[in-house]
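A single chain comes next, written as structure tokens; it is the form predicted on its own.
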């Protein structure tokens, strides 16, 4: 799993039929404090996450284990929205 921040949305009218009706969000990996780095990528949203949310993403075969993404052509899926992160007893991120 990776920590990522939702930074945008993707609209696609022509796609694999298994992705019809699925929300595709643009996310960017972050460090443990929510600071983004790296290249953006697209993830299937299984939880109704929104722009600005810090999320956990699963990738590869692990990303195809949710009931929504099973047997679908996906590489990344949003599988949790983070409320807060705590490291060594200190809260380093808290959802506003």
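All values derive from a computational prediction rather than experimental measurement. Residue numbers count along the first chain shown, from 1.
Just so it is clear, the following notes concern the form predicted in complex with a further copy of the same chain, a form of the same protein that is not shown.
Close approach of residue 21 to a further copy of the same chain in the predicted bound form, 4.5 Å, heavy atom
Residue-level check for residue 21: no, no contact with a further copy of the same chain.
Answer for residue 50 alone: is it within 4.5 Å of a further copy of the same chain in the predicted bound form, judged on heavy atom distances?
Contact check for residue 50: no, nothing within 4.5 Å of a further copy of the same chain in the predicted bound form.
Looking at a further copy of the same chain in the predicted bound form, which residues in 1 to 21 have at least one heavy atom within 4.5 Å of it?
Counting only heavy atoms within 4.5 Å of a further copy of the same chain in the predicted bound form, the contacting residues of 1 to 21 are 1, 2, 3, 7, 8, 9, 10, 11, 12, 13, 14, 15, 16, 18, 19.
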